[in-house]
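Read the single chain below, which is given as structure tokens and is the form predicted on its own.
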């Protein structure tokens, strides 16, 4: 009984510590915590996320002047620890961030699986929990009050790709689905299947493969027998790279191959070279997208944060000169919208911040931000589709954001081996 009473008392003390309001005067600082994946399976994505967050916090403090609260501007501090891409570490670090570091909001770790793992812990402490790399819709179907999604949900990842291909080649009707057996990828596959059927496509192959797979030859051999026109698949970087490499080894050629996550990373082309030519993939953001103050004004939205060019320049200060990808952008958007919610709430009370989040509709360099006020699911942000053309990533969809035209059908692997590039004439 004593331990239960102690837990209740501790919870009340933590709520009091987190629930700062304007009557108390301005706090000395606002702190945002993050169990970031700097090692383990998601080290590449986690490192990118840290660059983006640091870049936007620097903009907030040095350009915006800090967080405006109680008539003053105070600095935003970033407190982070390496979660090692492990579930048990994520939960313990969230406890530490809330109980010891007294953070005012938490940026979730990368991936849907880790984000789901940490959500109930954040919920228990009434901590705002921002999902920048957890796209699974299921996170926002559990009734969590304090979870907020920054990126587009998983079910919409391949929607733009399907719309684009349907417009370019209405005659290509046969689709194969082959995704990693993980929370995020399964949700992408579910959404892709539903959207494809709605467009009149025929699903001729549907299968998942294990996490940490080392050989996709049996699956790809069966997939070849189904004779698809289009393949949608993938999960994360390592399996996506393996997928494309073994497609080439087996000389399996289709009109279009769209892989989630892996294709968007510069390391994908570094690893595969010419084999990556013509491959496409959905991205949450890409340098060159036309999100800017003028576009926001056209839509009647407030613009907040650095421009795309400013963000990239800032992120490269923390990346050692490496160019950021969408993992950095989606994570960088988290402190931006958090600051806007705090400023709108005029308080660090998590309930008031969450209420403010539900009313926000604005544009940042990452695109539109708007959530379903009841569930926290992202409903404002749109995906883009990129394609590797001549060793460069080009935005090919939607037309309003495109920086080039789609090369279709993609070159065969034999053609690519002879030096053919996916460069439109």
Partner chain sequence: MTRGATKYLPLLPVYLIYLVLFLVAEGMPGMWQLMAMLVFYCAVGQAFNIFLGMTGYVNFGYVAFLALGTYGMALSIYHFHQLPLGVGIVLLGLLLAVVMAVLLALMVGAVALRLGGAYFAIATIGVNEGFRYLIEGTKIWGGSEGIIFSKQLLDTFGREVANKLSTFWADVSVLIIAALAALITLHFIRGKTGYALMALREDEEAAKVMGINVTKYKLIAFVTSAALAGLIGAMAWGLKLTYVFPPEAFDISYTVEGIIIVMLGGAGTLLGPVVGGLLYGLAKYWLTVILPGFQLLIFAPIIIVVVVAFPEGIVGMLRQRLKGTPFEPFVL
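Positions refer to the first chain, counted from 1. Worth saying up front: this structure is predicted, and the values here are computed from it rather than measured.
The protein also exists as the form predicted together with its partner chain; that form is not presented, and the subsequent description refers to it.
**Student:** So, a 4.5 angstroms cut-off on heavy atom distances: do all three of 302, 354 and 382 pass it with respect to its partner chain in the predicted bound form?
**Tutor:** The answer is no; none of 302, 354 and 382 reaches its partner chain.
**Student:** Have a look at 34-42, 361-369, 61-69, 387-395 and name the one stretch with heavy atoms inside 4.5 Å of its partner chain in the predicted bound form.
**Tutor:** Looking at the other structure, the answer is 34-42.
**Student:** Scan 317, 309, 88, 194 and let me know which has any heavy atom within 4.5 Å of its partner chain in the predicted bound form.
**Tutor:** Only one option qualifies, and that one is 88.
**Student:** Of the residues 73, 166, 174, 99, which one places a heavy atom within 4.5 Å of its partner chain in the predicted bound form?
**Tutor:** Of 73, 166, 174, 99, the residue with a heavy atom within 4.5 Å of its partner chain in the predicted bound form is 99.
**Student:** Even though its partner chain is not shown here, does residue 277 get within 4.5 Å of it in the predicted bound form, heavy atoms only?
**Tutor:** Contact with its partner chain, no.
**Student:** Does any part of residue 287 reach within 4.5 Å of its partner chain in the predicted bound form? Heavy atoms only, please.
**Tutor:** No, no contact at 4.5 Å.
**Student:** Wondering, does residue 117 line up within 4.5 Å of its partner chain in the predicted bound form on heavy atoms?
**Tutor:** Heavy-atom contact with its partner chain at 4.5 Å: present for residue 117.
**Student:** Does its partner chain get within 4.5 angstroms of any non-hydrogen atom of residue 190 in the predicted bound form?
**Tutor:** Yes, residue 190 lies within 4.5 Å of its partner chain in the predicted bound form.
**Student:** Taking only heavy atoms into account, state which residues of 60-82 are within 4.5 Å of its partner chain in the predicted bound form, ordered by sequence.
**Tutor:** Read in sequence order, the residues that approach its partner chain (within 4.5 Å, in the predicted bound form) are 81, 82.
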